[in-house]
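The data below hold one chain only, encoded as structure tokens and taken in the form predicted alone.
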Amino acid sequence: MTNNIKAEKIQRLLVWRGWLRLAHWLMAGGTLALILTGWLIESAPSLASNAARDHYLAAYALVAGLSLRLWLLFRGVEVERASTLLPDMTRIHVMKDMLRFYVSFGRMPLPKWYAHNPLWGPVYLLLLLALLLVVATGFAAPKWPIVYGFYLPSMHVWWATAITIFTVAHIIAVVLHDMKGTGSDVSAMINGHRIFVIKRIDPDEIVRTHRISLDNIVRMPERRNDE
């Protein structure tokens, strides 16, 4: 136990600013409320009228959070911008490790990252697009149910269902991360701080190598061609 403590250093760093956390919870709260009220509109006729009113109130909360998040994608600090959500070669190995973690149901080690989960980053961008489509079709459908041959109520339901599936998967993944990892993903979106465990190198495990000075290398005789 003592050896493990000496070999690790724990750092608690501010990763998510207040503006991003506000956008996240406005979108999260609005989305959950929309899922619930949308289900009541379809499944509970006696509550449909009140549910429809609350549905639009939740939609305004979603619009506020979505607008703020889109602004941060282009005007926020580095970890809030769209570039940090796009996959690149430096994140490929972490994305592969994340897939192994999910496929093994948490039995494989959870990889480490700084801000956004590299595997979920591109999915977040698709989610923002889906939320925009849900908002647009939801507000437009009552006045213009058909636009360029598209039946907006059906589009609204389809994208809402996709967002519901993502929401369930996201909640399961976050809980799994907190159970198996050390990054405090849940509390990080509340207080903004993530925990990083840095493994220190044990000096006793360092392989000592024989060092040769540059002068000795220069003075070494060249090999003869006939040898």
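Each residue number is its position in the shown sequence, starting from 1. Just so you know, these numbers come straight off a predicted model, no measurement behind them.
Not on display, but discussed next: the form predicted in complex with a small molecule.
Contact here is defined as any heavy atom lying within 4.5 Å of the small molecule in the predicted bound form, and by that definition not a single one of A64, S104 and K180 is a contact residue.
In the predicted bound form, the small molecule sits beyond 4.5 Å of every heavy atom of L68. The closest non-hydrogen atom of D54 lies beyond 4.5 Å of the small molecule in the predicted bound form. Though the partner is left out of this view, M95 does not reach within 4.5 Å of the small molecule in the predicted bound form, counting heavy atoms only. At a distance threshold of 4.5 angstroms between non-hydrogen atoms, I198 is out of contact with the small molecule in the predicted bound form.
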